[in-house]
Ligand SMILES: Cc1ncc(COP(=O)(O)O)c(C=O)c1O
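Just the one chain here, the form predicted alone, laid out as structure tokens.
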Amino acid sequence: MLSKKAENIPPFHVMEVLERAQELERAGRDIIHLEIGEPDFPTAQHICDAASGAIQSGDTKYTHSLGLLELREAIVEYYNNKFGLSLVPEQVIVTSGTSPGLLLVFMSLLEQGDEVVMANPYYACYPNFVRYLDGEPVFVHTREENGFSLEPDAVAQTMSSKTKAILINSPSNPTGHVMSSATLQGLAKVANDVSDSDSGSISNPVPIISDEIYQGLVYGAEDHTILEYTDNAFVLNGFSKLYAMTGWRLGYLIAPLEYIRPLQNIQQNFFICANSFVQHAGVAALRGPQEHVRKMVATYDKRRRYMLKRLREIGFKVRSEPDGAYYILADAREFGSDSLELSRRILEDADVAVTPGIDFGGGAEGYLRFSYASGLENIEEGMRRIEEFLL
């Protein structure tokens, strides 16, 4: 018999949209994909060569469960040089993408009924991870007029003796919001000065879990990490977005030293290690040429500005311009309050795949998420089709 947990986990709507779009393509339809968060750029050649070289040399065995030392050194070099930190390789666990890293953190922190505070809208999978491990997500509703910013005072009001972590994501999926230095500093202070809002009693500081997978994809905003403001944090990052390596499944977790051994034990039991030759590709990504990254970011910014202009012309409301990642969360209530139904109609009748806002929580219902991780010609045609369909 199927477990209750398996029965209750909801679908990931963006994947449902993608899979339906692929069905239509197999039937001969020409679909414009603006739904999926996947770079349309190829992985840089020097990264591919590093993986190929590792395979050719027979480097296809298990690695240390924490990951190749060379890669962990490259990761801390990147963070230390970019943000002025003093991390050490022993704080890093290399994972098969960021999702296993998030699972490791929650497995190490949560007991039944423990709470994790997060923004609403949120990345669709966050509350599902928490609930599957018998925790409870606690949502802080954010406002588009404020850039969907997770305000420290609002977070403080939701915290209690059951709070085991604050989960943040910057640059954000689905909003494209980039947290400011002041916001991150404020959240670090709230996490450190915990009091139970019900009883007023003081409890131990709670860690901040910071999903930084879109780090580097910023347009005019300042790039930050939570580690600039607190050591009591778990940072998730990887290579999927900035280095166009989604299918390589390579990520990492940076954690306080005192958590590393139990995290390592979990890694050994559940995952053993990340792919060996893919880890060599990660070293090449961090230590190799970066010009392709700079060009990619400039291209995204050009697409971002064009898509913002066209969405507003069509009648979508975007009250606060996103300045990171490659998403625009647009208010579509002018055209219908049911985002799932609206996205279905746009796909079936206009041949454009977009993501329904309800995927990201009640705070995004009535919105659609548009991805500009697609060529400008595709975006232009997608906007033309949507405009023709809606108007």
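All figures in this text were calculated on a predicted structure; none of them were measured in a lab. The first residue of the sequence shown is number 1, and the count goes up from there.
Keep in mind that the form predicted together with this ligand is missing from the display, and what follows is about it.
Enquirer: In the predicted bound form, which of the listed residues (Y123, F106, F277, F316) lies with a heavy atom within 4.5 Å of this ligand?
Expert: Looking at Y123, F106, F277, F316 one by one, just Y123 meets the 4.5 Å heavy-atom criterion.
Enquirer: Under a 4.5 angstroms heavy atom criterion, identify the one residue in S99, S320, Q290, N232 near this ligand in the predicted bound form.
Expert: Contact check passes for S99.
Enquirer: If contact means a heavy atom within 4.5 Å, which one of 302 to 310, 184 to 192, 137 to 145, 90 to 98 is the stretch that engages this ligand in the predicted bound form?
Expert: Flagged stretch: 90 to 98.
Enquirer: How about I226: is it within 4.5 Å of this ligand in the predicted bound form, going by heavy atoms?
Expert: Contact with this ligand, no.
Enquirer: A255: heavy atom within 4.5 Å of this ligand in the predicted bound form?
Expert: Contact check for A255: no, nothing within 4.5 Å of this ligand in the predicted bound form.
Enquirer: Should S149 be classed as touching this ligand in the predicted bound form when contacts are defined as heavy atoms within 4.5 Å?
Expert: Although this ligand is absent here, S149 would stay clear of it in the predicted bound form, with no heavy atoms inside 4.5 Å.
Enquirer: K241 versus this ligand, in the predicted bound form: is there a non-hydrogen atom within 4.5 Å?
Expert: Answer yes; at least one heavy atom of K241 falls within 4.5 Å of this ligand in the predicted bound form.
Enquirer: Check for me: heavy atom within 4.5 Å of this ligand in the predicted bound form, for each of T355, D359 and Y367, yes or no.
Expert: No residue of the spot touches this ligand in the predicted bound form.
Enquirer: Within 158 to 173, which residues have a heavy atom closer than or equal to 4.5 Å from this ligand in the predicted bound form?
Expert: Contacting residues: N169, N173.
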